[in-house]
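Below you'll find only one chain, the form predicted alone, shown as structure tokens.
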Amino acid sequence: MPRVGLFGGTFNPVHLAHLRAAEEAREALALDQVVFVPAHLPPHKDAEGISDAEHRSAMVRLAIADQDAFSVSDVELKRPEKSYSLYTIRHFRKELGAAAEIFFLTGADAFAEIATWHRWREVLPMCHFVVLSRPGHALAKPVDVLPAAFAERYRPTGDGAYAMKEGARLIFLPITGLDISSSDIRRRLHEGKSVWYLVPDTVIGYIEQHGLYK
């Protein structure tokens, strides 16, 4: 059965920490494919300052062009409403079929706010959730993040992960701590500073060509 990772985000712009996180998750979880899913209207972010979705998607395509196990989906860009994970996971479940194992990749900072996600109680049992470490954000146990009544649905599996009776797993995955952020990259570009070695060369060329983040 295929093992597919879904890696959502604003990618404003995509940078090397995004790519390294996806690669380490692919390797650690033996994923056949990691699908980058740029958000159209992120529910937890102010739309001001976010580049057009077409630009963000194009930059991701350039960034992953050399990795056959990476791909991009515009499913959220085609949806006029906010980019809720519930609907994205449903889309891929229908597309990939019931036999596929879907792994939803998210950062420790985002997972810490899972109880604010749209219909999160429905979202967590839909697939495996992989919580990626981030500098300044410790990996936590379910009980540290989720309401107690929901956290009790998880049981340790003995390998550092947790599983529900429904079969969905919650995996806390430590990865290389690259302290790179899109907001810092945008600030540097706005100030006319270099972002070499923070962003793929092809993405820097695209940013310069289209005059983004000036």
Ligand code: ATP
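Just count from 1 along the sequence shown to find any residue number. This one's a predicted model, so the numbers in the text were calculated from it and none came from an experiment.
We do not show the form predicted together with the ligand, though everything after this point is about it.
**Student:** Does at least one non-hydrogen atom of Ser182 fall within 4.5 angstroms of the ligand in the predicted complex?
**Tutor:** Yes, contact at 4.5 Å.
**Student:** Taking the ligand as it sits in the predicted complex, is Glu122 in contact with it (heavy atom to heavy atom, 4.5 Å or less)?
**Tutor:** The answer is no: Glu122 has no heavy atom within 4.5 Å of the ligand.
**Student:** Is there a non-hydrogen atom of Ala17 within 4.5 angstroms of a non-hydrogen atom of the ligand in the predicted complex?
**Tutor:** Output for Ala17 is yes: heavy atoms within 4.5 Å of the ligand.
**Student:** So in the predicted complex, does Gly8 come within 4.5 Å of the ligand, heavy atom to heavy atom?
**Tutor:** It does: once the ligand is placed as it appears in the predicted complex, Gly8 has a heavy atom within 4.5 Å of it.
**Student:** Specify the contacting stretch among 139-147, 73-81, 107-115, 86-94, defined as having any heavy atom within 4.5 Å of the ligand in the predicted complex.
**Tutor:** The contacting stretch is 107-115.
**Student:** Which of Leu62, Ala168, Leu178, Ile171 has a heavy atom within 4.5 Å of the ligand in the predicted complex?
**Tutor:** Of Leu62, Ala168, Leu178, Ile171, the residue with a heavy atom within 4.5 Å of the ligand in the predicted complex is Leu178.
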